[in-house]
Each structure stands twice: as structure tokens, then as C-alpha cells.
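Here are two versions of the same chain, shown separately as C-alpha cells and labelled structure 1 and structure 2.
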Structure 1
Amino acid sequence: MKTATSAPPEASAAHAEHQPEIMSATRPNPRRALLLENIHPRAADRLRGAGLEVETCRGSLTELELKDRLAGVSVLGVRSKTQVTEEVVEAASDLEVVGAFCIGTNQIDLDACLARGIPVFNAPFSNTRSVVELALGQIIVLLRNVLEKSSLLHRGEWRKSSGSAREVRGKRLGIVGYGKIGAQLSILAEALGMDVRFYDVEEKLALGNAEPCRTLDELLATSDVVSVHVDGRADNRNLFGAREFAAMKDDSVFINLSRGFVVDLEALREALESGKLRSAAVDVFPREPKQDGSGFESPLQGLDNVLLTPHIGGSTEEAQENIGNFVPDKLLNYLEMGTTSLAVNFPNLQLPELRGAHRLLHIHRNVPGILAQINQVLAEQEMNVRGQYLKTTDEVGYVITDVGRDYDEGVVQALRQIPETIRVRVLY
């Protein structure tokens, strides 16, 4: 595969109320990347290795600073703090692709990026293993009453009795939400000898010996440990309240490493204080401080049988390193091949590597008839089409055409003139 530096210049659409400032068809050579918020050094190494000039910054930038720093930048990398607003995107005329070096993408105006033909990539499963390991640790610690024994010892009280301490082997783990994290937890918990049941709103392939429950109530009534791994859809607000805790098995353990708003914490406190539940571990909260060192309050504070952690489920060195490898690969696959698979805001296309040909990328607003117009341009220019790929979302269409003769600036100009064109790129 050729590196990004050898690609011909990018041309942007002439049309468009959104981006009159990207009329210039030139882009910096080599491409420049700006990585903010102390992204793992693997990312900069990987991008430099592919020929990009990389500038890094430890903190996030304000909107104004970001607009200023994005001049001449093709690749922007952020974590959760930098706000990539519509205004930033509008001003960043050289920006081609954005990497969110984290899971969430709420900090990025995805629609504004889409409207400018800028794909956004994130790292949806780079910290899955980290969350699963913490969940397993919590299950063991809570079933053994380690937390209470440790608290007593800190207060000078030696209480060695095995009491109700239990092994995890043979206990039933009920997983609510059998997605990436839930399914991996299922495998590892089973390796520890747990009997795994799960409940998901979608049909899921049961891994190992795990068995699905038909209803949430069935899972709650039969599980020694309930671990919640649902996604952040709005319907999941207060998925767990007084009714659900009452439906759980007596003396069972509750774990939430998913989203804070999924659990009514007052109801959880009552279930713990009343002795209905043995203990709980909570890593995510309805309101979380934005900065380290900030104050924090929760109804669960002061309970010896609750393990509180400050949203660290996915925060490990390994997860950061995984993200530092994963996201640059997606950015480079897009820059070098046009591949958009796993882009969060863009038509997803996995493209084959191309040899001995040129690849034309056409991004346009999704209205009928664009593909026909593209092919008419190619026919008029007597281009020999070797392969063509099309993927659309409601708003945007993405057409990739591999052509078998030298690329001609006339073709690019003609493609740019097609109404509703957002961006045209030429690779190889």
C-alpha cells in the first residue's frame, strides 16, 4: 500500500453552502495530524510511521484555540474533553478525518462532520477486556465479603469468621445486556466455574454454556450476582429501581459498570440497607464530576457493603494502548484506501487494497441519480472502470471507483461539478 504522502492532492466540492472555504484543491504534503489530550504515544508513532507530520498536545483546546490550530491539519485526534463543534468543523477546511481515542463520541458534532464529508472513528471495544476484568474482581470481592472485612480491619476490628463468605464457583451470574462486554464476561465467568444466564433485548448467540432468560424478571429471580452491561439508550433510564431490586434473589449481589442513569441509586441504597441485597459495586453515576479532584456525592456513600469506583471500568494502560493502536489504523485505512468500516457517522465500506490502478472517492448528499452522473463523467473521460462500490446513509452517499489508467485532473474537476457533491478524493 502506498503511503498517504504519495497521494495526489485532494479536491473538494465547489458546490455547497456548508464549505465554500474548501474550494482550494491543495492539501499539505505531508499530511499533518494534531493529537490532543495526551493520547497514547503509540498513536503518534503509528501515524508518523505512515508519513504524517504529528503534533501532540497534553490537554484539550478551547473552540477558539482549536479553530486556530486546525489550519493545515488533515487528521484530528481527541479524547472526551475536546468539543469538536459545528463551528470548529466549518472552520477546518483541511480536515479530512477525526479520531475519537475513546468510546463515546458525544463531544464531536457528528452531523457537522458528515455534512462536510469527514468520517469519525472511535475505539468501540478497545477497553472491553478491562471492564470485564474489573467486573470479575468485584464479583469475587463481594461474594467473599472482602470489602466489609477490610473496612472493619481499618477500624481496628479483627473479624476472621468465614461467616457467609462464598466462592464464585457454581454460583449463578445473571448478565443484563449481552453485548461486547456482557458476552466476554460470560466466557471468563464460566471459566471460573460460574453458571451464566443472560438477558438481552435483542436475539444473541449464547457463548459457551451460557443460557438466555426470556425475561429480565426470570434472570433477577434466579441469579446470585446480577451484572448490568446495557448500552446508553434513553429507554434504559432507571432500568433498575425498587421493583427490580425487590425481584432479585435474597442476599444477592448487584453490579453496574454500564451507565449511571440506568440505576435509581436511592432504591439501591434501600435494598442494601434493608438486607435484601448482600452488596453492590457501582462504577458509573448519574452525575459524575468533570475533573479529577472534584467533590462527589452519592446516596451510596457510607455503606460498608458497597464498592464505589470513579468510572474506571475501562481505564487501564492496556486499554489506552489498544486505543492508541486501533484508532490510527482506522484513520490510515481511510486516508490510504478509503475504507470507512466502523466509522460512527459515515456509510461503512470495507475496500480491498488496490494495485496498478487509481481510486476515486466521491462523497455526496444522498439524492437519486448521482451514481449515474459519476459514471457518465467516467464514460465521457474514457476511464476504464475496474471496480465500483457504493454505500449510503439517509444523508450521504459514498461511491468508490477504481479506474485503470492515469488519473486526470479533468476527471476530478468534472466529478466536483456534479450537484450535491461534498468532497472528491483521489488515491494512488
Structure 2
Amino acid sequence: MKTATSAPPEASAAHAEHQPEIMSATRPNPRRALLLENIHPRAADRLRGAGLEVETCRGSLTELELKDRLAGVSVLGVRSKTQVTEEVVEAASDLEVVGAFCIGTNQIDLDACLARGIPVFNAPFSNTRSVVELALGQIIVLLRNVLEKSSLLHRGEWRKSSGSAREVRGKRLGIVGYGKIGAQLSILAEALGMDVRFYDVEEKLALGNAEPCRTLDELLATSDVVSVHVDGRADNRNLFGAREFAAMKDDSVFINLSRGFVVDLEALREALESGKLRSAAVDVFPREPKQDGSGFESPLQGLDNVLLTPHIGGSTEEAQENIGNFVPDKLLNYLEMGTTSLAVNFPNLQLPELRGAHRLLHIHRNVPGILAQINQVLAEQEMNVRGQYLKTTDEVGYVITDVGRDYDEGVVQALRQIPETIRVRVLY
């Protein structure tokens, strides 16, 4: 499906400082996509099958490298390590859409993308099961003292005594963050016989026999295992420090599979060395190497009661294949139909398939009167409107109009002239 893209004229002096750079009306033909960080090959196959030229890179790129590589690129795909900053977005004059091939999007400046009319899509469901299975495995390994037994055997010492090894059945699991991952962990942990409690800053529907805690301290004081599954919002930075570890139940287990900046690792080491905590498993870190094979340092290294993994919670073949199918479909649905369903920073619209018509897409700052101006343009051009769709956020409005005859370039130019226009696209 071909597209034409155009930009509004220079902003008035009153709006000039807020006017984002608008992409050129000249589109690469075919479109180009750049996929970084060893994204599953299914993604490249899917995009190539839709007619895009695809360049792949096994590792992440620095800001300077990324700005250079994005020249002429319409579609960018990243995972967790590549930082898509405001400077990167401003420099990417041809960029139309970004895909985060993971759950988190805090590595992407969502506001900068929104200001340029660039939707961002992620994979909110595709690796949930993988993270949950790893959490369950860690709970069992840590409660059974498998790490200690393995370390002793590696040092040549046989110690078969059960010691303080415990079953998971009957133990209380406290889940911090009851989103998609936390809720699924709740169900599977309960199936293993665990008593589940959860804490979330938002009111959530409890699944199975799980019960909410009114405060984080209530959960910490009563849980044998605490597993963290919060999102990347700034409020979660240093959510766990010395005070929170002191509030936890003696001889309990701590697991973090969420974000590296959530935990003060020095405080966690102190809690482990003092015997306050039994053991811990950590999969994410405040600073992570950008490529495999790079050096890694952490305050938790050298502790036999700590299970360290290199951010592999969602890194299973099944999860990456699922993501490699899911995210490209969202990207292509936007490019080919204008659909923004499940976009994380953009008005969400699920659009019908385009048949026998042209589709005009108008992205603008959300101020009163824009829809009326769009319709006035269409009326003046005597366009037959077959369908029209509108969705807004506080910042941006998204209007899609299907028209029933060949559009005239004058329509596009007139739509560009509407004040507060960010981007105009035409699908035909």
C-alpha cells in the first residue's frame, strides 16, 4: 500500500518554539526498517514480506550511531538497551513508527515521539509466560537451597543434609506489582500450593484466592517470598532500599525480574550478608552491558546465596518468536491502515480494512476546532466522506477520514495548512 506524507507550513511566531520537525513529503520507496539488538528473524521476514527493506544489527547503538543510521529509515525496532532519546527522534526525519520488541518502553522518549506524530508499539503479552516461569523456578531453587548445594559440590564438598530446605507449598508469596506478569504468577504459584498476597498502587482485581495488601509494609512483613514485577515509571526508582529490606520477614527470599533501578543493590547485599534475607534472585540491573561478552560488575557478585541472571526473564525462544510476530503486525497495521490499537503513546484506534477508498490521516495537537476545520476542507474540495474516526489524548488528536474518490493534492495541502497540524498521511 503506497503512502504520501506531507508536513504543515512554518508555524506562526506564537507556536514556533513548540513546533516539532515534520517528516519530509518524499518517502523512501520501498520503506526501510532498522532492527537492533538481535530481534528474532521472524520480525525481519514479516517486514520484508510486506515489501520493506530491512537492516538488522545484533547489538545496540549509541545515540550518535543511531542518529546516523536512521537516515532514510521509516521503521525502528529496538529491545531494552537502545536509548531512543529526544535528540534521536528529532534527527530521524523519515521515522514513522517505533517498535519495542519487549514489554518495557522506558528506553524510548515517548513524549518526543508523540510530539512528532510517531506511535510506539510494544509487546505487552508475548513474554509474560517466560518471565513467570523463571520466577517460579527461582522460588523453588532458592527455597530448596539449591544454590548452596551446587556451590559446595563445585568446591568438592558433599553435604546431603536437608538443612533449611523448604517446599513452596504452604509458603506465602508476596507479589509487588499485580499487572500482567504479577497476575499470571499469582495463578501458577497458587496452583503449586502457595498462599498469594499482592500489593499494587492501583486497584486490581484479585485472581483465584489471592488477596491484596493495603500497604507495601504489610506485604513485606508477612511474605516468605517477595517477587517484584513493577513497571518502569519514575516513581518506582529505589522502591526497595535498606528500609524495605528491614521490613521484610526474617529469612525470606527476594526476587527482582522487573527493572534494575527498582532496587538499591548495596542495601540488598547488606541484608543478605547480615542474614536478614535468606537469598535473592536478580535478573535486571541499574547498568547493563550493551552487548553479549562485555564485562559486568555488581555488588551482588560473589554471594553464594544470590542467583544472578543476565536480563533473561523474557528471553526464551518461544517468547522472542511471539514478539517477532506480534510487533511487526502492529507496525504494518499502522503503516498500511492507520490502526494504532495498543500503541503506548498514541490515541488508540482500531480501523476497518480500507476498500475502494482513500484514507486521509491527520495528526494534530489536541486543541478545539480541528475536526471542524478538517471537515471544512473536505467540504470545500467536494470530497465524499465514507467514514470518519477520531481519538484524542490530552496532547494529540488523530483523525482518520475515508474518502470515496481520487483525492486532489490540494486536499493534502489544505490539511497541511490547518494550525497545530503535526503530520498528514494518505493511504491509497
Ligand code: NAI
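As the structure is a prediction and not an experimental result, all values here were calculated from the model. Residue numbering: structure 1 sequence, from 1.
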key: Structure corresponding to the form predicted alone   = 2
remark   = When one rigid part of the chain turns against another between the two structures, the option of R48, Q373, G241, F125 found at the hinge is F125
request  = May I ask you to give the angle in ° that the smaller rigid part rotates through, relative to the larger, between the two structures?
outcome  = 20
